[in-house]
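Taken one at a time, structure 1 and structure 2 that follow are two forms of one protein chain, written as structure tokens.
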Structure 1
Amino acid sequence: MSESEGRTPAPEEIISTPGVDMLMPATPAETMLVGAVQVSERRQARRENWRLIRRRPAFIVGVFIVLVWAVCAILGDRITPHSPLDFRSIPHLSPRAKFPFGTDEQGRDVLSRVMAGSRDVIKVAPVAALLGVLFGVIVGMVMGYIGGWVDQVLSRIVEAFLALPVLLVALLALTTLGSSTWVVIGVVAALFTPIVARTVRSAVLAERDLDYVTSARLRGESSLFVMFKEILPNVSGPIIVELTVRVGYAVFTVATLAFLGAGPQAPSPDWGLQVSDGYNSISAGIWWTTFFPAVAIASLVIAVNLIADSVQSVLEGS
């Protein structure tokens, strides 16, 4: 065996050997280039996803229903056939031409009250869902990116909140703090925060070791910059899905709290309160005072779920 065959090759010889240089670790410049390509590809994918979402029939139907109730909430008394608060007719009239949804126990037009009652739900539910997602994103980003003992402590707190019965906690909080609009918004947002945080944490864990994140670290960017400028846009898909889903849950939660007496009080035309007020009349055959507000709640929840399902289907590629 010759000397050249028996000795260990020098490092520079390994690097210069054809076909081996591709096995060498990527340089910082190469990592930054790959990271930039990943960011560009994901931006293009987000634009394409939004185009596909807008073409989904379920999305169009859901947006239309939501817009109808939004218009009713914004314009309120200006477009209702009658005043939602005035006693203008005989109590408990069944649906007819002048009163398509009938009248309630005090002679008020149920159609007008259903239209005006959308205001409380539209005003509270989206804001509560948005705040819950906002706080959940912040907590989830910190948990997923920083990790370590911070993740362990916050994960235990999130798990403790998730173990609590939602409605019981909400009722207890509203009984203690009052049932003003902002208290209801804050309580519902607090209930949604740990759920969103867990979802965002999982998404961040799948992103934090990719090349574009490493590229940002190599540029010397701060942790806040990496989390909210680099990672956040690339986990926007799950966050958007969570937001749309939480709006639907918020509508149902707010209406349920009003039904249980922990929301707006009479003479408010709130949907949940209308269902509560007319519930005892069903046994007497007076079904319309409960049926139409309940249908309004169901239609809004279904519409939001149609939007959420459309977004989720496109993002998951189904």
Structure 2
Amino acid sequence: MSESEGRTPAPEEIISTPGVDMLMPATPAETMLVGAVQVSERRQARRENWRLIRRRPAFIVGVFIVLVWAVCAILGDRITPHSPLDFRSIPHLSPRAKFPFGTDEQGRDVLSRVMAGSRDVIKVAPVAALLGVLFGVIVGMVMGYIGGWVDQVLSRIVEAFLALPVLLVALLALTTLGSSTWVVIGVVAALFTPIVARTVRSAVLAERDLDYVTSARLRGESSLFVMFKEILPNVSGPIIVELTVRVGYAVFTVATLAFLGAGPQAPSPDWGLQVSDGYNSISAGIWWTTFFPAVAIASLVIAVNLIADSVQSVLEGS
């Protein structure tokens, strides 16, 4: 029964994970008979999980907030009350009926800029998290399955990475490589890889000595087949959890990098950049240019984490 543990991702899979889906096996032909029953059971279990997740209030709130920002990101200046870049009024107007969030030092409408400022984070964070998880799965799989000195060496490197101030390395790389979108994605993904690898490694270690792995090996399957067709489907739970958690961290990291200057540059309405432009005016009593973009970042990060937490509680049963 063991090798039929392979799960086929159903269309109603919790989150679309192209990177992981690609690697997941179709129903293994050699286990068709037993497999047919098992797969339908699995599908049922997955449907049940998905139903449990959907019913969590935290999940609903999280999805709602993310959707609001996603709509803002997609439609951009088509729905903002004023142009986020070109519109000019009197600088530093405090919030009032005409400008609910006030205006910034150049007289631009802060509300419009906050609405348009979600675009960069919404685009960059999920891609970075996905790539980081993809690489992390590959490295972690190798560490856990192959073991031996390979694992020893990689484990040490992972530990060194964990002692490293992640933001700083990202910043260092971005100040030299320039902070175009793809470089930010690559750097964040590279920094997430060791962390994901550690999680995947420990999940693989728990599977490695189970009967279905041994029998696949005795059958003469290659290491690659055993790793990605046999073990991977069985550790997909922790990987999905890790992915949702990483999206949250990616939003966190990308926003912080933008705040520290390694991200979109002026006149972009990016949230981190707006906070960075505005915080020095707080001492003069001008709080709205910092406060609203900061709250926007907070709302998105919290929303993603509410989703991640719901997925985690259902899949890990805590």
Partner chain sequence: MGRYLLRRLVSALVTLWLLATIVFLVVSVLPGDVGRKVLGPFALKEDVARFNHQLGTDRPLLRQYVTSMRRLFTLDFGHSYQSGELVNKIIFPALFRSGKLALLAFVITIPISLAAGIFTARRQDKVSDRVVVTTGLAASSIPEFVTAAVLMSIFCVHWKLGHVYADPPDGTSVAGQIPYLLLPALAMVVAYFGYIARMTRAGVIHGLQSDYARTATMKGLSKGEVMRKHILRNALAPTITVISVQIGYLFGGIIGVEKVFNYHGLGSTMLNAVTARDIPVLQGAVLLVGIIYMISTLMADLLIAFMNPRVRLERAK
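The term rigid core refers to the most C-alpha atoms you can superpose between the two forms while keeping them within 1.5 Å. All residue numbers here follow the sequence of structure 1, with the first residue given the number 1. On a predicted model such as this, the values are computed, not experimentally measured, just so you know.
Undergrad: Looking at both copies of this chain, which one is the form predicted alone?
TA: The form predicted alone is the one given as structure 1; the other form is structure 2.
Undergrad: Does superposing the core leave residue 212 with a CA shift of 2 Å or more between structure 1 and structure 2?
TA: Residue 212: C-alpha displaced by 2 Å or more between structure 1 and structure 2.
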